[in-house]
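The form predicted alone is given below as one chain in structure tokens.
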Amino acid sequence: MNQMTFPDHRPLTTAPQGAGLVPDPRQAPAAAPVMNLTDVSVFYGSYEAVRNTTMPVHTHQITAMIGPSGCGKSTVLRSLNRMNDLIPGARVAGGVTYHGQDIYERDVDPIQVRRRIGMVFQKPNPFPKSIFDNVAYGLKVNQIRDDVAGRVEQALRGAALWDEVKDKLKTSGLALSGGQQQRLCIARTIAVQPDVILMDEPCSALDPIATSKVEDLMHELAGQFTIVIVTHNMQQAARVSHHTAFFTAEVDANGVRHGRLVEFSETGRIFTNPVDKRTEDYITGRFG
């Protein structure tokens, strides 16, 4: 199996102390897509869970996926780094390209895909290891051996966690609070310097204060990474994202539900002037 060829991307950097406020990334101009989905359908066995999704993922911006439960948001998210490959019977039809290359081509190594397109899950999932070893885990798996300590510190700084844990790096990651654990998982993801970060409802298990910290972190990370987030919280989508994709579930003539992308646009337009009435009905609380 051939390894996928990827373009260079910026190393993880930390703004110097006293550098001032981080600009709101939502004010950035539209960037070229780093990924494109074209007529993507996802099947579990014979069941078509998501049907014909076409949308871009813009570079160094945040894309939010919203919609009611069962509309296929997380299924589409997992298709972006081939996580669905791990589900028996799952398959993806259509095209998912990363910098123009189809990630589902037969000679593409899915491990290399996930190296460049990382994932942060709904519930914090630190390993039963020290804080240091949690962050270093991806480096070891990817056989990155140079300056491991420096890379761990950079990742923890990038996840806004360094100051809270620098004196207890040998402590178990499981001893951290829920919000800290989620930021630890983000540090573990960015330690290998991915290009894209996928976040599947990363704040659903967190309290409002921890949620605010993770949202602030997303704003900062968008300067270095492309982020795609699934969220049930429409206010969160409005706060953090540049673009929003609204999904819903349609019932066919046989009574079977299929997830469908209804509308994709700039977040401000989705929430103030949606084109499709189904989008308007959802964001105004008429259904969902």
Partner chain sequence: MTVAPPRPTAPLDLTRAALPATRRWRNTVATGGMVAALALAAVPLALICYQVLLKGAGSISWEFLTEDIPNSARRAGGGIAPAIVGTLVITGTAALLAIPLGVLGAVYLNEYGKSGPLAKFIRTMADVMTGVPSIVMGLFIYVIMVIPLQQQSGLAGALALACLMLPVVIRSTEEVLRLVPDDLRQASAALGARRWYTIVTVVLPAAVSGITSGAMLAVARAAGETAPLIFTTGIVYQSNWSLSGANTALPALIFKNASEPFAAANGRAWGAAITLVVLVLAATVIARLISGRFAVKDR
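Residue numbers count along the first chain shown, from 1. This is a predicted model, so every value here is computed, not measured.
Not pictured, yet referred to below: the form predicted together with its partner chain.
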Next item on the list: Consider the chain as shown here, without its partner, and state which of 215, 153, 109, 102 has a heavy atom within 4.5 Å of its partner chain in the model of the complex.
Entry: 109
Notebook entry, point to check: Among 205, 144, 90, 174, which has at least one heavy atom within 4.5 Å of its partner chain in the model of the complex?
Noted result: 174
Note to self: Does its partner chain, in the model of the complex, lie within 4.5 angstroms of each residue among 239, 268 and 279, using heavy atoms as the measure?
What the structure shows: no
Check: If contact means any heavy atom within 4.5 Å, which of 114-122, 161-169, 67-75, 91-99 contacts its partner chain in the model of the complex?
Finding: 114-122
Check: residue 86: heavy atom within 4.5 Å of its partner chain in the model of the complex?
Finding: yes
Check: Is residue 188 close enough to touch its partner chain in the model of the complex, meaning at least one heavy atom pair within 4.5 Å?
Finding: yes
Notebook entry, point to check: Going by a heavy atom distance of 4.5 Å, is residue 179 a contact of its partner chain in the model of the complex?
Noted result: no
Check: Might residue 137 be said to contact its partner chain in the model of the complex, defining contact as any heavy atom within 4.5 Å?
Finding: yes
